[in-house]
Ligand SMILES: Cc1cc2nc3c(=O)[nH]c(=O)nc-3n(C[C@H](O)[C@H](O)[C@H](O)COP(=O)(O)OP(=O)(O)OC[C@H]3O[C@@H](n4cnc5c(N)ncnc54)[C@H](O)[C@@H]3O)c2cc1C
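Here we start with a single chain on its own, the form predicted alone, put down as structure tokens.
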């Protein structure tokens, strides 16, 4: 559907009548004439189409810039936002990022190079550490068939060294990057504010909860990172509800106090928001270590937790984590709101309790701290869908017994599961080889995986048992050995 849109592109204000469901990648190449943004996989996997997206931060107090796969980004999401492509970065000639790639021979055919340059520019622009590990991680979502990656890694490490002293606060950091030519000064001058959106609905551009359902059954979209993979060329006439753009649905807040306190996460909260949240880290200390196991940086910056749940994949990583954290969902639509446990949300393969125009408005987590572990088996260590995943959370009482044990698993049935028999085998017992071996056997008995390209049913059962052993080793280091658990 054609909508009035107002956004800033490479520093210049753009006002258009555009198809809001159209992927930004197509608009950039076919209508804006900016072909430096390349079309590769069209699934968000290759990074060739990356651009920098400026949006309000989670707190609503300022602007944050993220790298986004434009093949998964709806044109309507740009309303009231800003976008910078590789042409905008190179407005005054090659930048230090581009020169580093050139010096290290990190470009051969050149098809992927614009996306790599955008990813490394974002590494310098965004908050976070400037060490070599962070530099290399920033391009882990960029595929390159030519270089073998070593040269890209060298360029990333060189940049981390050259820019190690960047200021922490965004305005000063942006000024420093402009002074050194990473961001053209004229562009940098526009990157600390956003234009007013053209849509009557304000920054969200969406009807309020309980309002009219989307026309033609159009979907509510969080980050679009699942939907656009299945709908690469959306039919004209859709009117998506951009949940991920609605500031009223992007929040993390603690509600209540004492034993009944919860941490509420709005439907627009992204995967990156989740792992960065101090409130979430207080519930599950150390949970941030598992972020690298979930997709790539530019997907985590856009994908929403609610979208990951609503997609109802049996092996969704975030769903497994949320199940183990005893999550509850608030579902809201024209008929009102209702709350239910996440474990009751999945009715069958790709079938959920959502009906009509309802969306997952809020995810609620008990605020009490818990020991937490997540494990995942996939063909690749990073950037892959799990064959099996599992999470375990528990508390330990004053006597050393495990309490409130929750075990979740994905890839072992048509829906993500809470493994209640496995949890019961641990509940009230002190950590021991016997307790965890009993839980491993119970888990095998309560799952019914299928055989497919990622593994046979028997393989999945065996892997699930080994991942539960890995939970035990992670949560109780030194208490027992892998050989004892797996004997």
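Positions refer to the first chain, counted from 1. Note that the structure is a prediction, hence the values are computed from the model and not measured.
The same protein also exists as the form predicted in complex with this ligand; that form is not shown, yet it is the one meant from here on.
Within 4.5 Å of any heavy atom of this ligand in the predicted complex lies no heavy atom of residue 248. Within this chain, residue 393 is remote from the site of this ligand in the predicted complex, having no heavy atom within 4.5 Å.
In the predicted complex, at least one heavy atom of residue 383 sits within 4.5 Å of this ligand. Mapping the unseen interface onto this chain, residue 227 counts among the residues with a heavy atom inside 4.5 Å of this ligand in the predicted complex. If you check this ligand in the predicted complex, you find a heavy atom from every one of 243, 360 and 376 within 4.5 Å. Checking 94 to 102, 401 to 409, 291 to 299, 336 to 344 against this ligand in the predicted complex, the stretch whose residues place heavy atoms within 4.5 Å of it is 291 to 299. Checked against this ligand in the predicted complex, the residues 322, 159, 310, 83 give one hit for a heavy atom within 4.5 Å, which is 310.
For the options 89, 78, 119, 267, the one in contact with this ligand in the predicted complex, meaning a heavy atom within 4.5 Å, is 267. If you take 303 to 327 and check each residue for a heavy atom within 4.5 Å of this ligand in the predicted complex, you get 303, 304, 306, 307, 308, 310, 311, 315, 316, 317, 318, in sequence order.
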